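Listed next as C-alpha coordinates is one chain, alone, in the form predicted on its own.
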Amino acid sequence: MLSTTSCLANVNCREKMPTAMDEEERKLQRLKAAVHYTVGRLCQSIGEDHQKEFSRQVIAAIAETTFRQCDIFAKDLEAFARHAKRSTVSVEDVKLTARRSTALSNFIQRKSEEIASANQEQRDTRKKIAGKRKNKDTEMV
(Lines give C-alpha, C1' and ligand atoms only; values in the text may rest on other atoms or scores of the structure.)
Protein backbone atom coordinates (compact mmCIF):
# COMPACT_ATOMS: atom_id res chain seq x y z
CA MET A 1 0.00 0.00 0.00
CA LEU A 2 1.34 3.45 -0.95
CA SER A 3 1.48 6.32 1.46
CA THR A 4 0.46 9.79 0.33
CA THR A 5 4.04 11.02 0.29
CA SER A 6 5.25 8.15 -1.88
CA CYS A 7 2.21 8.63 -4.12
CA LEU A 8 3.15 12.28 -4.69
CA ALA A 9 6.61 11.18 -5.80
CA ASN A 10 5.23 8.40 -8.02
CA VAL A 11 4.41 9.65 -11.52
CA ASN A 12 2.02 6.75 -12.20
CA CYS A 13 -0.38 7.65 -9.37
CA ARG A 14 -4.06 8.45 -9.83
CA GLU A 15 -3.65 12.07 -10.89
CA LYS A 16 -0.82 12.32 -13.36
CA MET A 17 0.27 15.77 -14.49
CA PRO A 18 -0.57 16.29 -18.17
CA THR A 19 2.49 16.58 -20.38
CA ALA A 20 2.91 18.57 -23.55
CA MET A 21 2.57 15.29 -25.47
CA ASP A 22 -0.74 14.52 -23.75
CA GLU A 23 -1.99 17.97 -24.71
CA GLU A 24 -0.88 17.49 -28.33
CA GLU A 25 -2.60 14.09 -28.42
CA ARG A 26 -5.82 15.65 -27.08
CA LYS A 27 -5.68 18.38 -29.73
CA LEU A 28 -5.10 15.78 -32.42
CA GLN A 29 -8.05 13.70 -31.22
CA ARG A 30 -10.32 16.77 -31.11
CA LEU A 31 -9.25 17.69 -34.63
CA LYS A 32 -9.89 14.15 -35.88
CA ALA A 33 -13.31 14.20 -34.21
CA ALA A 34 -14.12 17.52 -35.89
CA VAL A 35 -13.11 16.13 -39.30
CA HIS A 36 -15.17 12.99 -38.69
CA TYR A 37 -18.21 15.06 -37.66
CA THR A 38 -17.89 17.32 -40.70
CA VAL A 39 -17.49 14.37 -43.08
CA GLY A 40 -20.55 12.76 -41.50
CA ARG A 41 -22.61 15.92 -42.02
CA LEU A 42 -21.45 16.25 -45.62
CA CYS A 43 -22.25 12.59 -46.32
CA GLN A 44 -25.66 13.05 -44.75
CA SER A 45 -26.36 16.11 -46.89
CA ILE A 46 -25.14 14.45 -50.09
CA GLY A 47 -27.05 11.28 -49.21
CA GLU A 48 -30.28 13.24 -48.80
CA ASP A 49 -29.75 14.96 -52.16
CA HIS A 50 -29.18 11.65 -53.95
CA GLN A 51 -31.41 9.33 -51.87
CA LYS A 52 -28.36 7.31 -50.72
CA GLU A 53 -27.00 6.30 -47.33
CA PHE A 54 -23.41 6.12 -46.17
CA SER A 55 -22.42 3.44 -43.69
CA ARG A 56 -20.47 4.34 -40.56
CA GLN A 57 -17.46 2.49 -41.93
CA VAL A 58 -17.52 4.51 -45.15
CA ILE A 59 -17.80 7.78 -43.23
CA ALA A 60 -14.90 6.73 -40.98
CA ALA A 61 -12.78 5.76 -44.00
CA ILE A 62 -13.50 9.08 -45.75
CA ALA A 63 -12.73 10.99 -42.55
CA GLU A 64 -9.43 9.15 -42.02
CA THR A 65 -8.41 9.65 -45.66
CA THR A 66 -9.32 13.34 -45.45
CA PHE A 67 -7.34 13.78 -42.24
CA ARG A 68 -4.27 12.04 -43.70
CA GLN A 69 -4.45 14.06 -46.92
CA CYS A 70 -4.71 17.31 -44.95
CA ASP A 71 -1.65 16.25 -42.95
CA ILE A 72 0.25 15.64 -46.20
CA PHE A 73 -0.88 19.03 -47.56
CA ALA A 74 0.23 20.78 -44.35
CA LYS A 75 3.68 19.18 -44.51
CA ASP A 76 4.03 20.05 -48.20
CA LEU A 77 3.00 23.67 -47.53
CA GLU A 78 5.55 23.99 -44.74
CA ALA A 79 8.26 22.48 -46.95
CA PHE A 80 7.50 24.84 -49.86
CA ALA A 81 7.59 27.90 -47.59
CA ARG A 82 10.80 26.72 -45.89
CA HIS A 83 12.39 26.04 -49.29
CA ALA A 84 11.62 29.64 -50.27
CA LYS A 85 13.16 30.76 -46.95
CA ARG A 86 9.83 32.08 -45.69
CA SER A 87 8.04 31.41 -42.42
CA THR A 88 4.63 32.16 -43.93
CA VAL A 89 2.76 29.96 -46.40
CA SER A 90 1.78 31.87 -49.55
CA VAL A 91 -0.90 31.43 -52.19
CA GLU A 92 1.79 30.13 -54.54
CA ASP A 93 2.60 27.37 -52.02
CA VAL A 94 -1.06 26.35 -52.00
CA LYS A 95 -1.12 26.27 -55.80
CA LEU A 96 1.99 24.09 -55.83
CA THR A 97 0.41 21.69 -53.35
CA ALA A 98 -2.70 21.35 -55.50
CA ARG A 99 -0.86 20.84 -58.78
CA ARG A 100 -1.39 17.05 -58.81
CA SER A 101 -5.15 17.42 -59.01
CA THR A 102 -6.37 19.33 -62.05
CA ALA A 103 -9.82 19.97 -60.57
CA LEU A 104 -8.40 21.19 -57.25
CA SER A 105 -5.76 23.27 -59.00
CA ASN A 106 -8.38 24.95 -61.21
CA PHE A 107 -10.62 25.59 -58.19
CA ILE A 108 -7.78 27.15 -56.20
CA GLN A 109 -6.72 29.25 -59.19
CA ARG A 110 -10.27 30.63 -59.57
CA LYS A 111 -10.55 31.35 -55.83
CA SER A 112 -7.13 33.02 -55.84
CA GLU A 113 -8.20 35.30 -58.69
CA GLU A 114 -11.49 36.12 -56.92
CA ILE A 115 -9.66 37.03 -53.72
CA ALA A 116 -7.09 39.12 -55.59
CA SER A 117 -9.89 40.95 -57.40
CA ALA A 118 -11.80 41.61 -54.17
CA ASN A 119 -8.62 42.86 -52.49
CA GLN A 120 -7.94 45.21 -55.41
CA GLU A 121 -11.48 46.57 -55.23
CA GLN A 122 -11.04 47.25 -51.50
CA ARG A 123 -7.75 49.07 -52.15
CA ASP A 124 -9.37 51.16 -54.90
CA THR A 125 -12.28 52.05 -52.60
CA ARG A 126 -9.88 53.08 -49.80
CA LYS A 127 -7.91 55.26 -52.24
CA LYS A 128 -11.10 56.99 -53.40
CA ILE A 129 -12.18 57.64 -49.82
CA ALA A 130 -8.71 58.94 -48.90
CA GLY A 131 -8.73 61.16 -52.00
CA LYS A 132 -12.13 62.63 -51.09
CA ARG A 133 -10.94 63.34 -47.55
CA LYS A 134 -7.87 65.12 -48.90
CA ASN A 135 -10.04 67.25 -51.18
CA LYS A 136 -12.32 68.21 -48.28
CA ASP A 137 -9.34 69.03 -46.07
CA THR A 138 -7.76 71.26 -48.74
CA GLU A 139 -11.09 73.01 -49.41
CA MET A 140 -11.47 73.90 -45.73
CA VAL A 141 -8.03 75.53 -45.56
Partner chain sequence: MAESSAEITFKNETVSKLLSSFFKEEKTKVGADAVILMAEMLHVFVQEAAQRTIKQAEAEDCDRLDIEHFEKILPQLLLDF
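Note that the structure is predicted; figures quoted are calculated from it, not measured. Positions refer to the first chain, counted from 1.
The next section is about a form of this same protein that is not shown, the form predicted together with its partner chain.
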Handout entry: 4.5 Å heavy atom contact, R26 and its partner chain in the model of the complex
Key = no
Handout entry: Close approach of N119 to its partner chain in the model of the complex, 4.5 Å, heavy atom
Key = yes
Exercise for the section: Find out whether any non-hydrogen atom of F67 is located within 4.5 angstroms of its partner chain in the model of the complex, and reply yes or no. Expected result: yes
Problem - Any non-hydrogen atom of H83 within 4.5 angstroms of its partner chain in the model of the complex - result: no
Exercise for the section: Could you list which residues of 71-89 come within 4.5 Å of its partner chain in the model of the complex, counting heavy atoms only? Expected result: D71, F73, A74, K75, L77, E78, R82, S87, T88, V89
